[in-house]
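Okay, here we've got a single chain as structure tokens, the form predicted alone, with questions on binding and movement later.
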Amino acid sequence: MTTAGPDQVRSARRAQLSIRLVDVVGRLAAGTTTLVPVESPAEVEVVDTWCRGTGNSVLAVHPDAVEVYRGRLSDLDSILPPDRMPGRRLWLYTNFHCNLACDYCCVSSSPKADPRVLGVDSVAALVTEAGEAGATELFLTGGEPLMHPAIAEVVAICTTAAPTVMLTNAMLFRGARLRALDSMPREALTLQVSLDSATPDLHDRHRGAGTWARAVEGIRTAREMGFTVRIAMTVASRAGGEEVEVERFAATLGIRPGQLVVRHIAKEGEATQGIVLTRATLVPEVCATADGIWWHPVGATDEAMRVSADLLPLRPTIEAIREEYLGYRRRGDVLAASFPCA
């Protein structure tokens, strides 16, 4: 009796895998997925080759299985919900200087940072092109947007075009900046205020002594002025359950339930620890700065995240981002993660 050699065993396994693919994927409804167990990179190649030859797609590669999609991934509609399609949200870094120097700031903002202000004309052109490309939400961030010399004009341009969220630490609501804030519309604008904890200790540890109290004061001021306010807390992990306490505290400030964004620390900028993100593993959210267009606002100073050094035209860059992201999914890279900034 002859014992099969290693090559024969591998060949037999590949044949069995192909038969299993015909059976399992053949019974799938179009547009649905299944996990196909694999034991080696060679078997991943078998699945990928079979999919390419049969009009199906590898959606993702997991440690011990390949996720197969029944059909061809010709567009992003089969992968992302409409509101997460690249280009539906446009992020604008109004500036990079800030009154704070948080120790995990993903873009190294501080009072000493180069302001790199995005000019009003650039904002107007970007917002117009974004609307033509299908953008439905606009986000203003920094740095601290209220340090932009023409922030009221920037907000007016944005809110006229689409619902707008302005991220702020809520600590500069006084004098000329308070008057600028008061001139902004209440209906089309939401203020997203950074508040990392329900008590001062954790927040102040990362952002500076006394910053929690001033942020809370700013939230109260914004609510009294009639603005919709949401809270954004940045956490190292969710193990402590701090977000529940923040939601309870937010309610005492008149903030509606569900108005809490929880963000993990990304290993970008000033952060020495945190989640490591790449273009292949991050669902893109188109982001404009004075220095170009970026894959996502969390990486807006990371050269690996820069898509184009040119702000305009915007539509071709959005299309390039969509095609690159779809390419990652077609090739079966690790499933991309959503990293919520808002």
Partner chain sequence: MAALVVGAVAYTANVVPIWEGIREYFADSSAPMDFVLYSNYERQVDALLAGHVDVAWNTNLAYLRTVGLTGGTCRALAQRDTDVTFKTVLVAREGSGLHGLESVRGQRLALGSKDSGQARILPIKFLADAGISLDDVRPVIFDSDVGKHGDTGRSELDALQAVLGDEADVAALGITTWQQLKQAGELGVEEVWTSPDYCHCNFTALASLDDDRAEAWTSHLLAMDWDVPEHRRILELEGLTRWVRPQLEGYRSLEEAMREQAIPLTW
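As the structure is a computational prediction, the values presented were derived from the model and not from experiment. Under this definition, the rigid core comprises the largest set of C-alpha atoms superposing within 1.5 Å between the forms. Positions refer to the first chain, counted from 1.
One more form of this protein, predicted together with its partner chain, exists but is not displayed; see below.
(message) Taking its partner chain as it sits in the model of the complex, is Thr278 in contact with it (heavy atom to heavy atom, 4.5 Å or less)?
(response) Flag for Thr278 set to no.
(message) Is Gln273 part of the interface with its partner chain in the model of the complex - any heavy atom within 4.5 Å?
(response) No, Gln273 sits far enough from its partner chain in the model of the complex that none of its heavy atoms falls within 4.5 Å.
(request) Please run the contact check for Leu35 against its partner chain in the model of the complex: heavy atoms, 4.5 angstroms, yes or no? (result) Flag for Leu35 set to no.
(message) Since only the chain is shown here, I'm wondering whether Pro316 would be in contact with its partner chain in the model of the complex (any heavy atom pair within 4.5 Å).
(response) Because no heavy atom of Pro316 falls inside 4.5 Å of its partner chain in the model of the complex, the answer is no.
(message) Only one of these stretches, 296 to 304, 59 to 67, 279 to 287, 46 to 54, has heavy atoms within 4.5 Å of its partner chain in the model of the complex; which one is it?
(response) In the other structure, the partner sits against 46 to 54.
(request) Residue by residue through 28 to 44, tell me which have a non-hydrogen atom within 4.5 angstroms of its partner chain in the model of the complex. (result) Heavy-atom contacts to its partner chain in the model of the complex: Leu28, Ala29, Ala30.
(request) Please check if Val276 moves between the shown form and the other one, taking a CA shift of 2 Å or more relative to the superposed core as movement. (result) Moves: no, less than 2 Å.
(message) Superposing on the rigid core, is the Cα displacement of Asp310 between the shown form and the other one 2 Å or more?
(response) Asp310: C-alpha displaced by less than 2 Å between the shown form and the other one.
(message) Checking Val36 here: with the core superposed, does its CA move 2 Å or more between the shown form and the other one?
(response) It does, since the Val36 C-alpha is displaced 2 Å or more between the shown form and the other one after the core fit.
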